[in-house]
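Shown here is one chain on its own, the form predicted on its own, set out as structure tokens.
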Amino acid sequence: MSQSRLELSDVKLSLNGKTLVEINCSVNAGEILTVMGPSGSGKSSLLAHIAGFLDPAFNASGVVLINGEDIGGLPAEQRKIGLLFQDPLLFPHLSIAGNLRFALPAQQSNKNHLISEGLKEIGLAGFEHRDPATLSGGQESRVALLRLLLSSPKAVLLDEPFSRLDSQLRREIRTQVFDKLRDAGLPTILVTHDQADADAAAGEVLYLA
């Protein structure tokens, strides 16, 4: 279980001379910070900056820290940040097990066992050899969540991950995602337009203009 802490110290993003985001905050293990605001306010750009793939057209300053370590100079793949987007982004040419195996370190032993147990935990036991194209939207979301957790991230960023689900499924998947992230002790930042998502996250809410 992770006990990471994510800190944004004097983080400022601007585009064409216009400041979009100015933020100082810390997110402790198991907490979820929700970021809300209209389209174009910089929500997704903030996540891109933290994750390490912000468009170079933006000017960014400030420090992003995980457990006190400045990760700003690290390439995206070394930052140990898990991401969930609107689209689950499963690899169509790989089986479910193949998608999940992709997240595990090369030196990891007992991969098949970890995958099998993980699928049981999310209610998809026996799905190892299924084609991603045969999954429902909710099943895709669960697999994407499991893939994220198997990658052992130190922090998690959620960019509207429930927006394509119908209302009942949205509540179900949202609860499962939040519970898993809290149980794993992961500091999380959620970007959403939905107040119900923010309420369910039950953490601090940051509004961008």
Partner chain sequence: MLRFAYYSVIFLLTVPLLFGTAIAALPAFGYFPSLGSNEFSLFPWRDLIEVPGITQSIMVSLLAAIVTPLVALVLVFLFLASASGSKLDVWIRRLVSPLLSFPHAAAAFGLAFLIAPSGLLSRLISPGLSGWERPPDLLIVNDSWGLSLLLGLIVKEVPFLLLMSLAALPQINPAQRIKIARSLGYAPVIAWLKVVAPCLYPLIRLPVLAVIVFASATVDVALILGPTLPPTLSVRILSWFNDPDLSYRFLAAAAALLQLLISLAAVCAWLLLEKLAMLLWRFWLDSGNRASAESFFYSIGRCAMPSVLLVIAGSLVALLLNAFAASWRFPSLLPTSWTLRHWTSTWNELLAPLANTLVISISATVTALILVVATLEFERRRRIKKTTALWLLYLPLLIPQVVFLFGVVVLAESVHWQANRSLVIFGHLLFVLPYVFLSFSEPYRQLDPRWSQVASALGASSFKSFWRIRIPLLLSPCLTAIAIGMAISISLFLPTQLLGAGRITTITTEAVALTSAGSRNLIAVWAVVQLSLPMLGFMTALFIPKLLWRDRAGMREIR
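These numbers were taken from a predicted model, which means no experiment stands behind them. Numbering follows the first chain given and starts at 1.
There is another form of this protein, the form predicted in complex with the partner chain, and it is not shown here; the text below is about that form.
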property	result
Location of the partner chain contact in the predicted complex, chosen stretch of 26 to 34, 51 to 59, 64 to 72, 179 to 187 [non-hydrogen atom, 4.5 Å]	51 to 59
Heavy atom of each of A76, I81 and F102 within 4.5 Å of the partner chain in the predicted complex	yes
Contact flag, S151 vs the partner chain in the predicted complex, heavy atom cut 4.5 Å	yes
Interface membership of L124, the partner chain in the predicted complex, 4.5 Å heavy atom rule	no
Residue contact check: L89 to the partner chain in the predicted complex, 4.5 Å heavy atom	yes
Contact flag, S95 vs the partner chain in the predicted complex, heavy atom cut 4.5 Å	yes
